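Just one chain follows, in the form predicted alone, and it is written as structure tokens.
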Amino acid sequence: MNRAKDLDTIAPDDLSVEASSAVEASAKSAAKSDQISPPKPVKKIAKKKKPSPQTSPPTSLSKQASYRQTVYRLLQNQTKTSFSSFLARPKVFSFDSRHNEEEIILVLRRHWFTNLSWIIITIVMLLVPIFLKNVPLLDFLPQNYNFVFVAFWYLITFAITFEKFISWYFNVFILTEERVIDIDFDNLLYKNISEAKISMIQDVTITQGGVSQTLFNYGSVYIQTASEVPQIEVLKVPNPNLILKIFQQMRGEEEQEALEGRIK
């Protein structure tokens, strides 16, 4: 049996050494691979932001506010005293059928010039007794009767003047944010009240004619409605053109509420 020439140089022990070195090398490589590598940075996925709710009011509400603000601007330079013929947003005025928190926009009375006739009559009646002293019409009456006559005359004068003033002061037209109210206070024994919602107003017409109405800027306003009262007449009130503009804005606001289904 032939033996290899290198048998003496290549021994089985050498093969085992080489095998063990190979095993160690593979174990080292496996250990290196088993080492924990540093964690890779995790990319954050940006979440889509949900659209934030609108902080500003809807367009419809802003339109409604613009109508009301226009009315306020039109009335900002108008008087607010209780004895005025044109009361803009009065704070001291109210009426019996007023709802809670119902805002009064405008209160109208006849123009002061329409009171001039009874004011002149009152002044003349106050001066009559003074002139009668110089005219011997009551000389046939005793002195006590003269005093009674003068007192009775002044009492009649006061009654007529008071009735005219009360009729002017309480005969008013009221415009609120919801409706119109017309109060006809002709005398102490008769009063007629008509009202209609702003949503029922179909047409508003103004008339202004004559020298006095043109010079002192007053006229009449006629309101056509679809309610039980077909027409409301507001006679001889100041600033009829301004009143018409206010009605246009209030009707626009009411139409906007109707579109949104928020009619009161």
Partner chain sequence: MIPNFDSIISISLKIFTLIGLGVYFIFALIVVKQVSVMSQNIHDLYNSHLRIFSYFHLLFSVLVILLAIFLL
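Numbering follows the first chain given and starts at 1. Since this is a predicted model, take the numbers as computed values, not measurements.
Keep in mind that the form predicted together with the partner chain is missing from the display, and what follows is about it.
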Name the stretch: of 110-118, 188-196, 123-131, 67-75, exactly one has residues whose heavy atoms fall within 4.5 Å of the partner chain in the predicted bound form. 188-196
E101 within 4.5 Å of the partner chain in the predicted bound form, heavy atoms: no
With the partner left out of view, is V172 within 4.5 angstroms of the partner chain in the predicted bound form by any non-hydrogen atom? yes
Using a 4.5 Å heavy atom cut-off, state whether A88 contacts the partner chain in the predicted bound form. no
Would you say all of S94, F152 and F162 touch the partner chain in the predicted bound form, counting a heavy atom within 4.5 Å as a touch? yes
